[in-house]
Ligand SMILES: Cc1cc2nc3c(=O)[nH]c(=O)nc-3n(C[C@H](O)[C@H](O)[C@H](O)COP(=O)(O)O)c2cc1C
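What follows is one chain in structure tokens, specifically the form predicted on its own.
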Amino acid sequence: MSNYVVGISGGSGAPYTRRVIEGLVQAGHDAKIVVTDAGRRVFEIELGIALTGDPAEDTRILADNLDLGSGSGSIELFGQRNVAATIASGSYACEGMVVVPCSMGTLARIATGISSNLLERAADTALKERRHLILVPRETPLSLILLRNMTAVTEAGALVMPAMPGFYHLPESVDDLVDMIAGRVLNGLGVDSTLLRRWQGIGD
């Protein structure tokens, strides 16, 4: 069992977040979660899950609303302003972090090292400790500023994984498209998951 940090910022893509957290816990890992105010708002709009901003209460709300299955993992939420939380320190034992969804403002602040809240501090820590850091933006079109910020975080060691599902696996539902991205995220973190349907190739 390992610890993974999940950051939730204000970009669209809460369904991806849900599946990533479920995948981590079902695989037996602990998800340490930090949600920004904008992330809570998007979570309510896209999933109908109203988080309060109180970490203990929100941990219970998520546990009641997500399909955590019988996995031995767990979830724990932290307040975005709690910069003294365990996940803010490089000494905390953590295998990696994903920000899903990752707003372009959050990506810009990570790219420039501006740790204005716990999510951004945890991402900065992941970079300096050379841990997996996956950023999942969902934005279009992309300005030159956004592209340069993506280049900056990539050069610093992060993996930018835009929420751009493919169709070669012949998805039959929106859930199939969500699972494709969530599965790629988990794979990037080194977590085995049934969400990722690996390409088997096609003969001539």
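Since the structure is predicted, the reported quantities are computational estimates derived from the model, not experimental observations. Heads up: residue numbers just count along the shown sequence, starting at 1.
Quick note: we don't show the form predicted together with this ligand, though the next part is all about it.
> For the chain shown here without its partner, which stretch in 133 to 141, 23 to 31, 168 to 176, 47 to 55 has non-hydrogen atoms within 4.5 angstroms of this ligand in the predicted complex?
Replying inline: Among the listed stretches, the partner-contacting one is 133 to 141.
> Which residue among A38, A156, I61, L68 has a heavy atom within 4.5 angstroms of this ligand in the predicted complex?
Replying inline: Going through each option in turn, the one that passes is A38.
> Closest heavy atom of G11 to this ligand in the predicted complex, within 4.5 Å or not?
Replying inline: G11: yes, in contact with this ligand in the predicted complex.
> Can you check whether L127 is within 4.5 Å of this ligand in the predicted complex, heavy atom basis?
Replying inline: No - in the predicted complex, heavy atoms of L127 and this ligand never come within 4.5 Å of each other.
> Is there a non-hydrogen atom of V42 within 4.5 angstroms of a non-hydrogen atom of this ligand in the predicted complex?
Replying inline: Yes.
> Would G105 count as a contact of this ligand in the predicted complex, using a 4.5 angstroms cut-off between non-hydrogen atoms?
Replying inline: Because a heavy atom of G105 falls inside 4.5 Å of this ligand in the predicted complex, the answer is yes.
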